[in-house]
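First, one chain by itself: the form predicted alone, in structure tokens.
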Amino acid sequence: MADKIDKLPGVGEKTLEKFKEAGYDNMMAIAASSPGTLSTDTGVGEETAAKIIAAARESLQMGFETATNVLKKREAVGRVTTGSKTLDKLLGGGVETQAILEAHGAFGSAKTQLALQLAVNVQLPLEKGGLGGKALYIDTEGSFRPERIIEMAKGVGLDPKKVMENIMIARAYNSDHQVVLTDKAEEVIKKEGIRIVIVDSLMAAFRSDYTGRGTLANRQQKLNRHLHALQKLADVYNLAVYVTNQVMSRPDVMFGDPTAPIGGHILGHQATFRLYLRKSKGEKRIAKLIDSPNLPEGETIFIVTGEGIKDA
């Protein structure tokens, strides 16, 4: 956690209280904000907000630094196991904190199964591939199944009752509700010790609320803000973000796989890792890593069993 704001120079007690009430209780949260947003959230003037942000950034030394220092900071990155060693290897050791992993695929490709498995596995101790923390789950399609959580918890040797208590879930009924839940997530993260945020599915509500080409620009702007909010949570609280996504069929593709993820370039650029899941024979699923800042493209097979995700 970044330094507490009590160390912020030139800020009085009353202003500090306003900031804490608005959820700005650490330096990074202030430094990552914009003057307009900070002013709206806390009631201080925009000029004052700009000065406070500048002071927070100075305190955190947010200027340029050497690649060696960046490498040291990367040592704080944690990883959550998927349950499959080959899938973990494809992802560079598991699902990373401080990053957004987007998984897209047709229905039945195990996107939600992976979401449920990560909500369980994040609770495992470090030595077993977890982060010893809780999960926050935003369900936009009504696909969350507690019965499946119980099966998966038993599969990894955890107490199902405790596992259920450690998953904070909310049902989002439209894209506005989804955005508000993400904004409110910060309170829950601080209070509950959340180590992974899951959105299943990211685009379903946006797809339904914005129909037709005329609404595309508004949809993409709102999606951009939503993704930035998720990335900010990942950075400030060193947690993992996993989002599922739908696909569309492209009739113009004559050769190869005609399916493509929805969400456009905004999602393509904002997601740190992109995983394409597709169904194979029986329990088998194929996972293809199609985008990553540091890992090669690759493919692997895993299976979905009664106890959860396992190696094929």
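One-based numbering along the sequence shown. Everything numeric here is computed off the predicted structure, so don't read it as measured data.
One more form of this protein should be noted, the form predicted in complex with a small molecule, which is absent from this view; the next part is about it.
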*Closest heavy atom of Asp176 to the small molecule in the model of the complex, within 4.5 Å or not?*
no
*Do Ser109 and the small molecule share at least one heavy atom pair within 4.5 Å in the model of the complex?*
yes
*Given that the partner is absent here, does Val11 sit within 4.5 Å of the small molecule in the model of the complex, heavy atoms only?*
no
*asked:* With a cut-off of 4.5 Å between heavy atoms, is Glu151 one of the residues that contacts the small molecule in the model of the complex?
replied: yes
*asked:* At 4.5 Å by heavy atoms, is each residue in Glu141, Arg285 and Thr305 next to the small molecule in the model of the complex?
replied: yes
*Within 4.5 Å of the small molecule in the model of the complex, heavy atoms considered, which of Thr81, Gln231, Thr97, Gln113?*
Gln113
*Answer range among 277-285, 25-33, 52-60, 263-271 for contact with the small molecule, defined in the model of the complex as heavy atoms within 4.5 Å*: 277-285
